[in-house]
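One chain follows as structure tokens, the form predicted on its own.
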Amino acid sequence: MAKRKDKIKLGAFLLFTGHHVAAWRHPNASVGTEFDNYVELAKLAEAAKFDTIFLADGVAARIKDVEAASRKAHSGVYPFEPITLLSALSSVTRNIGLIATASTSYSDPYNLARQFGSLDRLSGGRAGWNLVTSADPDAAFNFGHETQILHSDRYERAEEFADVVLGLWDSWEDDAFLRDRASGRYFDPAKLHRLNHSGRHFKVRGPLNIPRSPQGRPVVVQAGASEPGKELAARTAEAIFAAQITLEEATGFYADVKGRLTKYGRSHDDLKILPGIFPVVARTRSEAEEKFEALQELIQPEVGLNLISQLSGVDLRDYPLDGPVPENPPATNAGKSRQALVLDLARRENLTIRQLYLRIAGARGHWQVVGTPDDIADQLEERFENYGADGFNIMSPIMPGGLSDFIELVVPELRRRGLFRHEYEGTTLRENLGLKHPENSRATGKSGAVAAE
């Protein structure tokens, strides 16, 4: 197989205190809940020429099991709402991308399009929207629902939501605003387009009252790996935050999703696949293993069981910790792909319940690598060169040390191998990810274009 000509893309998935479920108990972990903590991490990633920082989000505190929730930092309580946080970070960074998660299940498409459009302009074209549907059952009760929205209904709504947002981002052509003092013409009416959308879930006239940014519109990211999720990603996404553990799974997912692009008139380069990786790195393998075990020893059983329930939708509190994971757990209305990933892992490795929560406590179902800089670079290179990924979202075990360790130890090795940039290619997120500037689908001469009345 010929060596790839492109380079690895890197995202820094910033989760306060760190990604390991017990990170907050580690003496070297920052509490990480203040704005200055995020400024430090963003500047660290930008100095290392990472493509983007990435923020997760949820719209409910996961405290149904109050005892377990009281023993962990990641219980759905975030220091900041992510669009607000990234808007502030845009003023202290210059090149790094700013990707925030926002749900289609409990948001309004016009407001969301406006918020991300504003972030994109504030940052000079560096914004990205991680489109998710809300699998958290507690979220429904915060938005007037009596029960969780069904998985199939969540994706049906997401499909229409994405169409509305993308249409609103095409309300104005790139050069619509003339601001011609001599003629007295502020914008060209022919380059303004109303959406006039009417569907099952939304009725939105438009236009969006924010112009396009230097990169055209925010980059659309997607994280679902279920069948509806993959189809939505193939049609609308420009990056996928994936969660495959083995090389075989990664290459299979990569080929599957990229193979769906042509039916939507898209090329392979129009979509970047960026799986999450939880790297524990040190100068020797024994030191890396010691660092990891120090975190593992801090896990409390209540927290481990709660983590399994959160990721799989299955409550195992009534089962023996050192017994097997049940063969046929009840069907879940939570995230289908993550439940399958976690339970398949337990069966493949014949794990007990305790072993399962220890196995997923760091990466939460994502890929986990513990070793030296060479070990980690070898595995990243293997997955990249075999078309299992276009880049990686780095899920540091603790913050800020885990991120600085990766930057200090692994990034130079990737550069030595010619796999990662020395300087940014451009100033927008699209330019750095290698994504083309999006044409305005509603511009004059385009199919379906509708000018303002």
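No experiment lies behind these values; they were computed from the predicted model shown. Start at 1 and count along the sequence shown; that's the residue number.
The discussion below concerns the form predicted together with a further copy of the same chain, not included here.
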Segment that reaches a further copy of the same chain in the predicted bound form - one of 259-267, 100-108, 372-380, 347-355, heavy atoms within 4.5 Å = 100-108
Answer key, a further copy of the same chain contact in the predicted bound form at 4.5 Å (heavy atoms) among Leu166, Ala340, Ala88, Leu321: the residue is Ala88
Answer for Glu40 alone: is it within 4.5 Å of a further copy of the same chain in the predicted bound form, judged on heavy atom distances?
-> no
Contact flag, His26 vs a further copy of the same chain in the predicted bound form, heavy atom cut 4.5 Å | yes
a further copy of the same chain contact in the predicted bound form: Lys72, any heavy atom under 4.5 Å = yes
Is Trp172 one of the residues lying within 4.5 Å of a further copy of the same chain in the predicted bound form, judged by heavy atom distances?
-> yes
Are all three of Glu293, Leu311 and Gly365 close to a further copy of the same chain in the predicted bound form, meaning a heavy atom of each within 4.5 Å?
-> no
Since the partner is left out here, which residues of 297-320 would have a heavy atom within 4.5 Å of a further copy of the same chain in the predicted bound form?
-> Gln300
